[in-house]
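As a starting point, one isolated chain is supplied in structure tokens, in the form predicted on its own.
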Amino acid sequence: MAQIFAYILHKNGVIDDTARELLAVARKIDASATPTALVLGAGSELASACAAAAGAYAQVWKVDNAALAYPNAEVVRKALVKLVPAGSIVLMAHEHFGMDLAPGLAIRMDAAFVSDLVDIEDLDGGLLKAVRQEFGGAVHSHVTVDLSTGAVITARPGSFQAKEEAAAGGQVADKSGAVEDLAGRRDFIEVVAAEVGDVDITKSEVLVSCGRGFEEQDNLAIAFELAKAMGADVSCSRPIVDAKWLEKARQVGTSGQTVKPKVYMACGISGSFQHMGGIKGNPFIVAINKNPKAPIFQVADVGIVADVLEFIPELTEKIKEGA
């Protein structure tokens, strides 16, 4: 089996939750695999991220370069092409940076490319049988991938359960000298902070999140009543913001806020990967949707097939009665 690498996202010295999920992907490809974590960046924050990655991975390859101080897919791609041996398998999270980085990396490595992986069925004779989703999760596609020349694979966050394992005590190897010049044609200018509204949902422990199922703006009042009864905050999916029913600061998703609640109640939300990509930390997910085939039910801990406009007021009353 080819050597497996996992590209680790990190910020302010903290590795992303997807780091351990990629470890689960690697083990599903090859149960005996000892994947290597790739941690790229610059300075003291990189050192902290490498130490964190070593808690999960037995091997960590560190690349410290000033050009990597801010994630730039063009520059990272150049580094990985120089760093990763031909024929290797490279895993990364299917979020906005991975979507930018992965396709070009597969071309440069002359390797197979699989995007938005949600499951692995089997590995037979070097052929990986993978599962993806199409049309917003309405259809599952089963693809066979030849791994003989390597592969670049992006895995959907939350699709592979990160297992609680003992600290790996991994070794960090400095590979900075292998990449040398990383000049790119595009430059990082600045980070524009997301708008902060009257509630910072990134700090909320319990969220009641609203989607298309509310049909009209006035109906959002029942979500606020439920949130009040639960001691929760109200968040939403992108269609609610696009309709200007709630402010952008309450949007959860890849184009909105990233949240890490303990409980996430998805009300009238289909569960597209763009929305689920904004939910980290493996919260307890309760899904309420009148469509029994909604993708949200595939990741929910509790699924309720019901019209939110009818179910939520009844739930709110029951909560108030029990208070």
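Basically, rigid core = biggest C-alpha set you can superpose within 1.5 Å across the two forms. What you see is a predicted model, and the numbers here were worked out from it, not measured in a lab. Each residue number is its position in the shown sequence, starting from 1.
The protein also exists as the form predicted together with a small molecule; that form is not presented, and the subsequent description refers to it.
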One residue of 239, 150, 103, 170 in contact with the small molecule, assessed in the predicted bound form (non-hydrogen atom, 4.5 angstroms)
239
Using a 4.5 Å heavy atom cut-off, which residue among 261, 41, 35, 271 comes into contact with the small molecule in the predicted bound form?
271
4.5 Å heavy atom contact, residue 308 to the small molecule in the predicted bound form
yes
With a 4.5 Å heavy atom cut-off, would you call residue 213 a contact of the small molecule in the predicted bound form?
yes
Report whether the minimum heavy atom distance between residue 285 and the small molecule in the predicted bound form is within 4.5 Å.
no
Check whether residue 49 has any heavy atom within 4.5 Å of a heavy atom of the small molecule in the predicted bound form, and answer yes or no.
no
Which of 66 to 74, 23 to 31, 263 to 271, 53 to 61 has heavy atoms within 4.5 Å of the small molecule in the predicted bound form?
263 to 271
Quick check: residue 250 between this form and the one not shown - does its CA shift reach 2 Å or more after fitting the rigid core?
yes
Kindly check if the Cα atom of residue 210 is displaced 2 angstroms or more between this form and the one not shown relative to the superposed rigid core.
yes
After fitting the rigid core, is the C-alpha of residue 278 off by 2 Å or more between this form and the one not shown?
yes
